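Next up is one chain by itself, shown in structure tokens, the form predicted on its own.
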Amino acid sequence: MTDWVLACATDDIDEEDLIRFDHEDKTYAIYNTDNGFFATAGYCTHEVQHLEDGLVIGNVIECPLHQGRFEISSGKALSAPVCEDLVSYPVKVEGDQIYIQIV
């Protein structure tokens, strides 16, 4: 079963930035990019470092620990040392509220 979960308001995230969102026993990263809002797993797949302090560059998130990069919209690993993709989650915006679909 999948659920849409209210994560935050659109103005909670600055442009080209992200916030951490914790729900039940999981953590997520929610992004505001020029291409819209996106959500991925919160932890880098290289080491257990949350991406909340990472750097958003266009549609790319750079992990703050070892500077591995991922494409935000797909979670695709782009550069070493990361080689495993992030899980990405569908996002919808209703009014000024951001929802993510959690499986």
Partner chain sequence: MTDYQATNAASSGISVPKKNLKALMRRSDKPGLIWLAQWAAFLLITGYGVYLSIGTVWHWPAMFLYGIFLTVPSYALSHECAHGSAFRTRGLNEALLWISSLLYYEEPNHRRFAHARHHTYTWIEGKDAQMPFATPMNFKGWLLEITGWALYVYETRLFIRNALGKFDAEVLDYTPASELGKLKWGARICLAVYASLFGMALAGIMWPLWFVIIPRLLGAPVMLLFTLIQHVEMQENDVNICKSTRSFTSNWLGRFLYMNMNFHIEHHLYPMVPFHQLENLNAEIKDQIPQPDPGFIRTNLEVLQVVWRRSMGGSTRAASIRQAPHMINTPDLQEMS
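None of the values given here were measured: they were computed from a predicted structure. Residue numbers count along the first chain shown, from 1.
Missing here is the form predicted together with the partner chain; even so, the following discussion is about that form.
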Checklist entry - Should A41 be classed as touching the partner chain in the predicted bound form when contacts are defined as heavy atoms within 4.5 Å? => result no
Next on the checklist: How about L18 - does it come within 4.5 Å of the partner chain in the predicted bound form, if we only consider non-hydrogen atoms?
Outcome noted: yes
Checklist entry - Can any non-hydrogen atom of C83 be found within 4.5 angstroms of the partner chain in the predicted bound form? => result yes
Checklist entry - Heavy atoms within 4.5 Å of the partner chain in the predicted bound form: does P64 have any? => result yes
Checklist entry - Can you name the residues of 45-84 that have a non-hydrogen atom within 4.5 angstroms of the partner chain in the predicted bound form? => result H46, E47, V48, Q49, E52, D53, G54, L55, I57, E62, P64, L65, H66, Q67, R69, S79, A80, P81, C83
